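Have a look below at one chain only, the form predicted alone, in structure tokens format.
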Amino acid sequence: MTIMLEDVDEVVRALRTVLAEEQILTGRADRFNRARVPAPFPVHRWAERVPDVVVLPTSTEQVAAVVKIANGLRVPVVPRDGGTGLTDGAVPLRGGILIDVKRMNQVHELDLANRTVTVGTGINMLKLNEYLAPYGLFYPDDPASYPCSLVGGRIGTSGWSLIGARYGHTRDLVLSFDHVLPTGDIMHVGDGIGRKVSKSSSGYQLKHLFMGHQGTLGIATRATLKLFPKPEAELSPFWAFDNYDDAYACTGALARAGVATFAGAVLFDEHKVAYLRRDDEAYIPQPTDVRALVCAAMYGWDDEVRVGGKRLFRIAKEHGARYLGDEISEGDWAARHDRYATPLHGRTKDGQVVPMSWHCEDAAINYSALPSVTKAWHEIVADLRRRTDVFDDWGMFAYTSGSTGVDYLTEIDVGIWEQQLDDRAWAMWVDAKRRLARVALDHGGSISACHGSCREGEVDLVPEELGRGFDVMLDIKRTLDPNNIMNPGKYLLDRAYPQEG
């Protein structure tokens, strides 16, 4: 479906009927700058992922007009927000029109009585919270990419928040939104017809259908979000352990303690501690005798956090924890967003420092399965590392997903020497991703808790994970996007169109 060069002029002429000239970009730099996401990809193949045209709409109506043109001309459309996604949702696989929503970044309404805000989906959480701060409010969607990811991308990926155990994740925090369908029709989804209603039993729960689709079912353009009182106090103690087993047991106990201000716990395994100590400038170096780490975050009023903190400190001590002090704790928690802005490097097998890009593979894993998944995943990456210097093991995190600790966002970080990522190494990586996903499924987990699963490798197992549900996905895709223009090539949804799949 990639549009051919002679067709680009026709597309541009059509776009000029609904957009101003300066909203249509065809230059090489404008297009290549929007072909990239943080996840590594073979450098010599970047040209496969470049859009033919970039547009910069400023309203829902303009987005709808562009999509109608694309649908009429059968041209692929790819929505792009912050471009921070790690599974290629924002990457055009077949050229076409890339819709960059960053100019749709207005605050349309702040409703102090109902404690909501309505925004254009091109705004990011940092800017939104700067706006909300004078009112004593904040929007608690807190990904690692917080300073640069946008509300629209969070909706398209159904993002995961680092403090979601306290406030919920994107799916919980977005009350409703305007959405442009692949045909160019505009709809509003929420609970019922309400824009500021959080619970309804009218009809199907369509809001969730249009979250996390990785841009394959349309584009969110304007969203109404829940707000919370800006926390008066944050407490984020980092505790050191002599071994992984004690740290693992402590993490579960913290998550199950039922402390109301508990915003999340993070378990760092020995590989992660070694990497932080060795190579990650964003973190304060840990003492040399530390073998595993646990962080717990609490948010709320000062008197609530102080009391809850005492309980969690007591639990940690019972599990053999050593508190690392205020400087390391506050500094390392504050650094949780810095990874996207930090120059990265890794090590070859002989210890040479080389530039490496970061890839993170994630899954949703039950607490009881964490130790065996951790072991299996490191063995897969160790196998890669034995075969080539292109990969480095940067260790694993496990984050609580909710306040009960039933499942964890479990991720392994892999350094990839992108400049050396030739076709042979890429094939190794794709196979490794497939094996990582297999481990997640074999342990009763989900392939992804956070980033989605559009990339080669893990996407192969999506039909197996969803079973009959994948067939329903194909039915929905075919019905809503009859011409397969919306972000084609993702999630194996081409199978909805027999002539393409």
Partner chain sequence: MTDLDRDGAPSTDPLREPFTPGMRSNPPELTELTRSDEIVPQVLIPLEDVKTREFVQEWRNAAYNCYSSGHKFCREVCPVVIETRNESYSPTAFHANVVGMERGELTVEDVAADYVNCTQCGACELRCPNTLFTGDFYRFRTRTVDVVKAARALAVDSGVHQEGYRSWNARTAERSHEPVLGETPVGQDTVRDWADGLDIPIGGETILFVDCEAAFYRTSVPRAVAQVLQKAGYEFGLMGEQWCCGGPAAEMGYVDQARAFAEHNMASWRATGTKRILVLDPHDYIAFTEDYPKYFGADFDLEVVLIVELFAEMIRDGRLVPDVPVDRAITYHDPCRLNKRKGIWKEPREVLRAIPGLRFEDVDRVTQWSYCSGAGGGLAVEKPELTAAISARRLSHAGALDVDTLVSACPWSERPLTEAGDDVDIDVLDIHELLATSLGIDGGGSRGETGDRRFAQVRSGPPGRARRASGEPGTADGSEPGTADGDG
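Residue numbers count along the first chain shown, from 1. Small disclaimer: the values here were computed from a predicted structure and weren't measured.
The following text describes the form predicted in complex with the partner chain, which does not appear among the structures shown.
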Exercise for review: Give a yes/no on whether residue 441 approaches the partner chain to within 4.5 Å in the predicted bound form, heavy atoms considered.
Suggested key: no
Review point. Looking at the partner-bound form in the predicted bound form, is residue 100 within 4.5 Å of the partner chain by any heavy atom?
Key: yes
Review point. Is residue 191 close to the partner chain in the predicted bound form, meaning a heavy atom pair under 4.5 Å apart or at it?
Key: no
Review point. Do residue 38 and the partner chain come within 4.5 Å of each other in the predicted bound form, heavy atoms counted?
Key: yes
Point to revise | Of 278, 256, 322, 208, the one that lies within 4.5 Å of the partner chain in the predicted bound form (heavy atoms) | key: 278
Practice item. Would you mind picking the one in 350, 303, 327, 289 that has a heavy atom within 4.5 Å of the partner chain in the predicted bound form? Key: 350
Review point. Would 114, 157 and 397 all count as contacting the partner chain in the predicted bound form, using a 4.5 Å heavy atom cut-off?
Key: no
**Study point:** Candidate stretches 210 to 218, 399 to 407, 416 to 424, 70 to 78, one within 4.5 Å of the partner chain in the predicted bound form by heavy atom
**Key:** 416 to 424
Practice item. Quick one: name the residues from 20 to 51 with any non-hydrogen atom within 4.5 angstroms of the partner chain in the predicted bound form. Key: 25, 28, 29, 30, 32, 33, 34, 36, 37, 38, 41, 43, 44, 46, 47
